[in-house]
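A single chain, nothing else alongside it, follows as C-alpha cells in the form predicted on its own.
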C-alpha cells in the first residue's frame, strides 16, 4: 500500500471491457509521478488516498476480473504531507 494525492478524474470513452464501468483517477505519488487507479471510494481532486497495488488491487475492487494493478482503497481523513503522519486534533 502507498499514500497518494488525487489530481483528478481520467475520462476514457473507449476502454477495455475488463475495466468495466469503473471510475478512473489520476494520482500523484511522493516523487511527483502520475499514476492511474480504479476508484472504488468516490475520491475527489485534492484528497489523500491509500492505494492497493499488484494482484491485491483486483480484490480491492470487489471483483477480481477487473483489469487493474492500482486501486484506491480509501480516502484519508487527516494527513500531513510535510511530516508524513496523521495530525490528530487535540
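What you see is a predicted model; the values in this text were computed from it and never measured. Positions refer to the first chain, counted from 1.
There is also a form predicted together with another copy of the chain; it is not shown, and the following applies to it.
Enquirer: Mark residue 75 yes when one of its heavy atoms lies within 4.5 Å of a heavy atom of another copy of the chain in the predicted complex, and no otherwise.
Expert: Yes - in the predicted complex, heavy atoms of residue 75 and another copy of the chain come within 4.5 Å of each other.
Enquirer: Check residue 20 for me: does it contact another copy of the chain in the predicted complex (non-hydrogen atoms, 4.5 angstroms)?
Expert: No, residue 20 stays farther than 4.5 Å from another copy of the chain in the predicted complex.
Enquirer: Does anything in 29 to 64 come within 4.5 Å of another copy of the chain in the predicted complex by heavy atoms, and if so which residues, in order?
Expert: If the 4.5 Å heavy-atom criterion is applied to another copy of the chain in the predicted complex, 29 to 64 yields 30, 31, 33, 34, 35, 36, 37, 38, 40, 41, 50, 51, 52, 53, 55, 56, 58, 59, 60.
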